[in-house]
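So this first bit is one chain, no partners, the form predicted on its own, shown in structure tokens.
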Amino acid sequence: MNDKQRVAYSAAQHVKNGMIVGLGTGSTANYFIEELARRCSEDSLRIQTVASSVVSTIKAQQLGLPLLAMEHVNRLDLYVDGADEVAPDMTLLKGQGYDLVREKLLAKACDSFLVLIDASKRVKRIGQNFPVPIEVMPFAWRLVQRSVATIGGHGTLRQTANQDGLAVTSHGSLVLDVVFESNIDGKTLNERLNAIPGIVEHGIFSGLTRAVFCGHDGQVDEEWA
């Protein structure tokens, strides 16, 4: 069992009968989904799930997990997902994928948001290792780019993996990947980005995390807010 599997297994033990569980996206989230399916099959766990992406929807369907459409729920008991960066105050950076809106909706709607990482994801400040992804309305990207520049950010439109076009999110937004020159803290940056018109969503998750499960050297450290 590797560290990603260990943190996913640990998080899955917090799922109880009757819960509505949000499913994250990515390699670690896949291990969590697999362990949930095993518990449903072998331990008679009875739950319902809501997926954060098409990818996690397909994974859950393949494993026979009962799925609810996001528009049919107004709250969740638990949401489990990974993160690209985690600051000491549990502010997160997410969004190297393309489903920021769905992910933040689930993180906000749940009673407990559990974040699964390895030690490489811990940083001193948000934006230390990755640019901050900002989903923008296609017609507004230049205006948002200019507004972001006024708070110290240099943003470029994300390209597709093949560099043959612009990346587009699942609901039609473009993505500005923004590097901030100053060491502005994540909470302050979150507030400033929230105030810019034309931004659909951004990758800073502030004040949403209940616990961080960090896998390293065959162990899992649990840090609870």
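Keep in mind that this is a model prediction, so the values were computed, not measured. Residue positions are given as counts along the sequence shown, with the first one as 1.
Not on display, but discussed next: the form predicted together with a small molecule.
Trainee: Have a look at 83 to 91, 68 to 76, 144 to 152, 104 to 112 and name the one stretch with heavy atoms inside 4.5 Å of the small molecule in the predicted bound form.
Mentor: Contact-bearing stretch, as computed: 83 to 91.
Trainee: Of these, Q61, S41, S27, N183, which has a heavy atom no more than 4.5 Å from the small molecule in the predicted bound form?
Mentor: Only one listed residue qualifies here, and that residue is S27.
Trainee: Would you please decide whether K4 lies within 4.5 angstroms of the small molecule in the predicted bound form, comparing each non-hydrogen atom pair?
Mentor: Output for K4 is yes: heavy atoms within 4.5 Å of the small molecule.
Trainee: May I ask you to state whether G97 is within 4.5 Å of the small molecule in the predicted bound form, using heavy atom distances?
Mentor: Judged by the heavy-atom cut-off of 4.5 Å, G97 is in contact with the small molecule in the predicted bound form.
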